[in-house]
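One chain is shown next in structure tokens, namely the form predicted on its own.
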Amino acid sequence: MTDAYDIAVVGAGVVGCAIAREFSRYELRTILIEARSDLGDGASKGNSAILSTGADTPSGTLECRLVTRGHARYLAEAPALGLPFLATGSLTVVWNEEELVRLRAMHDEMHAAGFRTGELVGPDFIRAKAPHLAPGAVGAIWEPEEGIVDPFSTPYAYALDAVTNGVAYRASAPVASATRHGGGWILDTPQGAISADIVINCAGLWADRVEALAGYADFVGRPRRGQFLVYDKSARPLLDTIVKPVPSPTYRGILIAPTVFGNILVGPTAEEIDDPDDWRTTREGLATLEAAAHRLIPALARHEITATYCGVRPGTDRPEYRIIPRPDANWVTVGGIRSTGLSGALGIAEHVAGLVLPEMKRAARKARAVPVRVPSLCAADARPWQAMMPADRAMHEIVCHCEGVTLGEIRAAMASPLPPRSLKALKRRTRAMFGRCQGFHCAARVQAIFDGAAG
């Protein structure tokens, strides 16, 4: 038997989850389909966790408009979802006169495009905002509206909101074929066939492959690997703002930033790869990052690197977003989102809904949405174990001491309507095993709790 829906959203990364959430506000039968066992397990799990204003995206582009809108919507909607935003601001720093010329041109372009909060600043301002930055910076653009977010809880919050408000969710369901059926589509997956009037392809790193199943070939995937270093929490006092280089048309460069979890992040590299599943870190890439970290903030050489990780960005053979509506076919492509998906997700979702409604489908907006809230994992917020008299004693029993994660938090994550289906997903939901010892002391117990709940 084929399950029937009005809308099928293919891909549960941060963009797909935001789109599913957007459609949950309408009287529509919507399903969110994910190839992997857990949502947010592709490009969305490996990024710099910065909420960009869009000021450093190419002006006049769809990307610029949707990132700007996504930033505004996140600030308005994230607090109710329990998602953190730390307004650290950002410094786009240059180190010589040649770079300063490019910086001034960038500043003029930003102002011409309507981004008027960005301010050209000199060495004294830079030293005041980033006193541990290496000497020699000659200028910067200060953007006070940029900040840092939780990259793992964000897609989860959007998906949980969507499911709570009526969206179906199917994991471990890679689309094997897409066949026209009447005015809509039949999507074949290992979890059963799905009939949908309209398909939204936001499969990220695999978007071009899903396109090919439907007979389209408007772009070719060009995945780009980016490696990152995470410095120990002891390094966090060295930096309170985001420090970025002037971006090029194809690469934003290596930045250094605090994280909402209390660490310092350095990255990414930019490496063209053939396999979108190539998540390896390399000796050369990590050495490049460590050298950049020590050059930018020399005091980091005295602090330990807690973790390394890799993200793969879903680039294409074209530099712009590939959002392609096909109203005659009831198919919308959402590809080429690259590194701005986290910032632009809510703007992209709004735009896609506008392409579908009412051009492809008519639907009434629901009178109200059921609110949801996810636990904050931000280091600046109080954690359950810090409560004087927790209602649940398990919320006071710490399992992961590096990150202060309690038994109650792990149990709550496993009892979610969207429970993590792997240990890595549980880490992203709770931060258990993400700390200084990387699970050396708590992994066995966390695994036992996971196995007991999952079984």
Partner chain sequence: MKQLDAPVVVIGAGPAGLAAAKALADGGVGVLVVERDEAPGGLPRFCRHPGFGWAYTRRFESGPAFARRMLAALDPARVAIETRTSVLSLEAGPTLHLLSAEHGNLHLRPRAVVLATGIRERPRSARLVPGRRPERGVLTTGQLQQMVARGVPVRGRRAIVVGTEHVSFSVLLTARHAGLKVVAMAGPEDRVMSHAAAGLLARAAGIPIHLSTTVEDIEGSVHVEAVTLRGPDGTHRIACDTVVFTGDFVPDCTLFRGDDVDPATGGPLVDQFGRTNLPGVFAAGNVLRAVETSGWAANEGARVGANAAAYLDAPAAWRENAARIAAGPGVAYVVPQFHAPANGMAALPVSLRADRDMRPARLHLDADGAEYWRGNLPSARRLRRVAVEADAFATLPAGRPAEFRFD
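Positions refer to the first chain, counted from 1. If you're wondering where the values come from, they're calculated on a predicted model, not measured in any experiment.
Although it is not shown, the form predicted in complex with its partner chain is what the next lines describe.
The three residues Ser172, His181 and Arg209 each lack any heavy atom within 4.5 Å of its partner chain in the predicted complex. Residue in contact with its partner chain in the predicted complex (any heavy atom within 4.5 Å), chosen from Arg283, Arg368, Arg116, Arg362: Arg283. The contact with its partner chain in the predicted complex, taken as any heavy atom within 4.5 Å, belongs to Ser234 out of Ser234, Thr164, Gln191, Ser376. Interface membership of Tyr5, defined by any non-hydrogen atom within 4.5 Å of its partner chain in the predicted complex, is ruled out.
At the 4.5 Å threshold, heavy atoms of Ser422 reach its partner chain in the predicted complex. Proximity of Leu418 to its partner chain in the predicted complex falls outside the 4.5 Å heavy atom cutoff. Using a 4.5 angstroms threshold between heavy atoms, Glu290 counts as touching its partner chain in the predicted complex.
Contact annotation: its partner chain lies within 4.5 Å of heavy atoms from the stretch 301-309 in the predicted complex, the single such stretch among 142-150, 252-260, 85-93, 301-309. Within 4.5 angstroms of its partner chain in the predicted complex, the stretch 133-155 places no non-hydrogen atom at all.
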